[in-house]
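Just one chain is shown here, as structure tokens, and it is the form predicted alone.
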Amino acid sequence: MLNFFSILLGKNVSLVSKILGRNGSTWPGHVALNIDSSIVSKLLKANSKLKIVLIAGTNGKTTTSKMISEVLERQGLKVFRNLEGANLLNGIASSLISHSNVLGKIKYDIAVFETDENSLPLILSQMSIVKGQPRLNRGQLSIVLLNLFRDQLDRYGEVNIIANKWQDSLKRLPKETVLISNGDDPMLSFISAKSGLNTFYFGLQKKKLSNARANSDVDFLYCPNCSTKLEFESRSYSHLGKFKCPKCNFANPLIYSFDTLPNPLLGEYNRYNINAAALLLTEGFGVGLEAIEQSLKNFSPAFGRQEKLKYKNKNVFVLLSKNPASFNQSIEAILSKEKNPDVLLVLNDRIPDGRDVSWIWDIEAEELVQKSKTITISGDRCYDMGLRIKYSQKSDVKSQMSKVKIEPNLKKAVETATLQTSKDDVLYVLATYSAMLETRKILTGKKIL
């Protein structure tokens, strides 16, 4: 039975937070969960007609959830999602409470929730089968698994730990659950096939891939079925690509790819987000490709995810780059557009970023250093990044380091970087999560979280 007091108290906490000008995206849920730890499952059970979409993965969650939400809204459906990066259980609880009335009734058709990869098992436990009975109705839940890369090792541990947790959680769900999974990711292909759920796979066509060597950001090189080293015919990036095990023949499943859809974002890696969203929309909700195409043509990225800003009449392009895979893809996207970019790198090691920054030694920074016009470095761990950049020099270190400036004060670093950028050029900002938020506040004068 719903605990109406927990809902009312959560709503009051949200109201007080807004009055005080504080972030209210997690506290209402935090308070409500302390009163009733099952408030999420009870709210969902009480609103059995509300469709739930969960989007999990290391990279691309916010972009994909925004794509899905906007397409569904264009179909005339009432949709809400957890905004402002509130992707833990308390954030989802807060979102449900804020969109319900005091009696717990939610007058929406669909809820789209992005979820932190480490929190997915906990969130799924609120929606799984308990004592033989599902907590949700048949067909109420859909899940999108985007990718799995190493991220915040100090909090999450190695990727295999997360993968094992995901596999165990998926097995507990009702078999009618729609699962949209990345067929180019060996581990996700494996655990999705083992789940027994109603599974569909997205990926990239072979013509979109290359025969590039494996970079140092690769996380899955061995067969998840028999531990033999996988053979990759071609790759997109990291460990994503066309693979096969020479021993047990484990290989890519049949994938769906939507090559005719436009890519409104920089970088081919966003094709995965587009294909994931399109597959969920077509198979889970019966939306036609024409409607998806129209929405993508008008799509603008979420804050900090390839966001275009103006600062003192200069063009600034912000790319969230929080782990080796995302950082390397940001570099590739920039260099595919600019021959000699101006770059600002901001590295923090706060709780949202992960305290362990050793991952910077797995980024492929050599080409960026060689081709960049200017490189400004800031953030809490700016000297660590500066050292990494110094060791990215292939030749003539003294000459190349002359274009690199380290400024611990982020406000001064932004001023320096924009001053060095010509009026018609773009300053590209690659920043970890808290660094991105801090940089945006300087650039826009507004605080999101």
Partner chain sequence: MRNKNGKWSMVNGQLSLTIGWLYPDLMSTYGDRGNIITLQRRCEWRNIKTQIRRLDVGFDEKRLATCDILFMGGAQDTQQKIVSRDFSTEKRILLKKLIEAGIPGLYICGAYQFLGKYYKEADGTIIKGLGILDLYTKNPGENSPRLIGNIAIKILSTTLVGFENHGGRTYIADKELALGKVVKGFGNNGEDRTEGIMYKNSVGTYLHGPVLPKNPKLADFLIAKALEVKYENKIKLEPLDDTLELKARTVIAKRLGAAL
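Numbering follows the first chain given and starts at 1. Note that this is a predicted model, so its numbers are computed, not measured.
What comes next is about the form predicted together with its partner chain, which does not appear here.
Shown alone here, residue 74 lies farther than 4.5 Å from its partner chain in the model of the complex, counting heavy atoms only.
Of the heavy atoms in residue 390, some are within 4.5 Å of its partner chain in the model of the complex. Contact check for residue 380: a heavy atom falls within 4.5 Å of its partner chain in the model of the complex. Interface membership of residue 222, defined by any non-hydrogen atom within 4.5 Å of its partner chain in the model of the complex, is confirmed. This chain lacks the partner; the member of 197, 159, 191, 124 within 4.5 angstroms of its partner chain in the model of the complex by a non-hydrogen atom is 159. Site annotation in the model of the complex: the residue of 299, 285, 108, 361 reaching within 4.5 Å of its partner chain with a heavy atom is 361. Considering its partner chain in the model of the complex, the lone stretch of 140 to 148, 350 to 358, 88 to 96, 305 to 313 in range is 350 to 358 [heavy atom distance within 4.5 Å]. Site residues 259, 423 and 444 are none of them in contact with its partner chain in the model of the complex, judged by any heavy atom within 4.5 Å.
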